[in-house]
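The chain below stands alone and is given as structure tokens, in the form predicted alone.
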Amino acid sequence: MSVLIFTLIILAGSYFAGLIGSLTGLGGGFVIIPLLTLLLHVDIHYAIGASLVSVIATSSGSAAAYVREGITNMRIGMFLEIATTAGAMTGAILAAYIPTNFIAILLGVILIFSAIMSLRKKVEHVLQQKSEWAEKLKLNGSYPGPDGTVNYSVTHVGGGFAMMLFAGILSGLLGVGSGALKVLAMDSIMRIPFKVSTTTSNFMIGVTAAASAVVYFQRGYIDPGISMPVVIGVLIGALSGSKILVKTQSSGWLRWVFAVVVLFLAGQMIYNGILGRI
């Protein structure tokens, strides 16, 4: 395979990853790593390094639009980043001591969970039981809705913080944004409206990935020849996704495409991991 074809395949795959990652809040790493390891036979550590860079690009590309629209809750994002950053550093360090086939199997399991999460019904939690910690930390907020400003309250701050620590470990270990766990923590545990949790997840995953990317960079696992086309493709895809999400209320068909593709990739990652091919 020539360098040109190799680069074009990465660009096309990265655009799709960035588009879906932006729309679902799950990050583009779930498509990038299987693309590089299964299709292009790149060493999984280099694939994880490129994925981390792509996650940073996804967050940068889509988060700016969401913040400008007033949907992202910056205070929640910065507070929960304390947990995810600590977890990401831990996961990146552990990655050097865990067999690559186990990492592939674990990634496949997380892919399946993420596909299920992307298809679940959205529940717009608004005014829930008030939390003392949420009020002390000023985490309650509002966002612009079709009929005016929508106010919401945050609950179970401690449970969300603990889930974010686990999400950070997986992010550093697998090279993904762990957006599924972040959305789960904010939507199901902290009872934050789905649109806010999705956009805040996009804002957070870049900081989480940056923390673990430092460790991979020091180990020489970030190759410019792989990372550069990944960043370009993902960034363009993320910008496209953010425009779609801001202007439309439904992206159901794209979520189904994401789920089908990710389930297929998950099966391949688990299968090849069990056989020791990765």
Partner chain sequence: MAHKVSFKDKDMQVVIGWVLRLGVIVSMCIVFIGGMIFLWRHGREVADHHTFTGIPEFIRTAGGIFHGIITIRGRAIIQFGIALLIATPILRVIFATIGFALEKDRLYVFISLLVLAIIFASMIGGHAG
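Residue numbers count along the first chain shown, from 1. Owing to the predicted nature of the structure, the values given are computational and were not obtained by experimental measurement. Just so we're on the same page, rigid core means the largest C-alpha set that superposes within 1.5 Å between forms.
Note that the form predicted in complex with the partner chain isn't included here; everything after this is about it.
Contact annotation: of the candidates 188, 85, 131, 101, the single residue with a non-hydrogen atom within 4.5 angstroms of the partner chain in the predicted bound form is 85. Of the heavy atoms in residue 38, none are within 4.5 Å of the partner chain in the predicted bound form. In the predicted bound form, the partner chain stays beyond 4.5 Å of every heavy atom belonging to residue 272.
Put simply, residue 214 is close to the partner chain in the predicted bound form: some heavy atom of it is within 4.5 Å.
Although the partner is absent here, residue 137 lies within 4.5 Å of the partner chain in the predicted bound form, judged by heavy atoms. Across the options 102-110, 86-94, 190-198, 168-176, residues that bring heavy atoms within 4.5 Å of the partner chain in the predicted bound form belong to 86-94. Residues from 1-17 that approach the partner chain in the predicted bound form with a non-hydrogen atom closer than or equal to 4.5 Å are 1, 2, 3, 4, 6, 7, in the order they occur in the chain. In a rigid-core overlay of the protein, residue 52 has its C-alpha displaced by under 2 Å between this form and the one not shown. In the core-superposed comparison between this form and the one not shown, residue 10 has its Cα shifted by at least 2 Å. With a cut-off of 2 Å and the rigid core superposed, residue 222 has a Cα displacement that falls short of the cut-off between this form and the one not shown.
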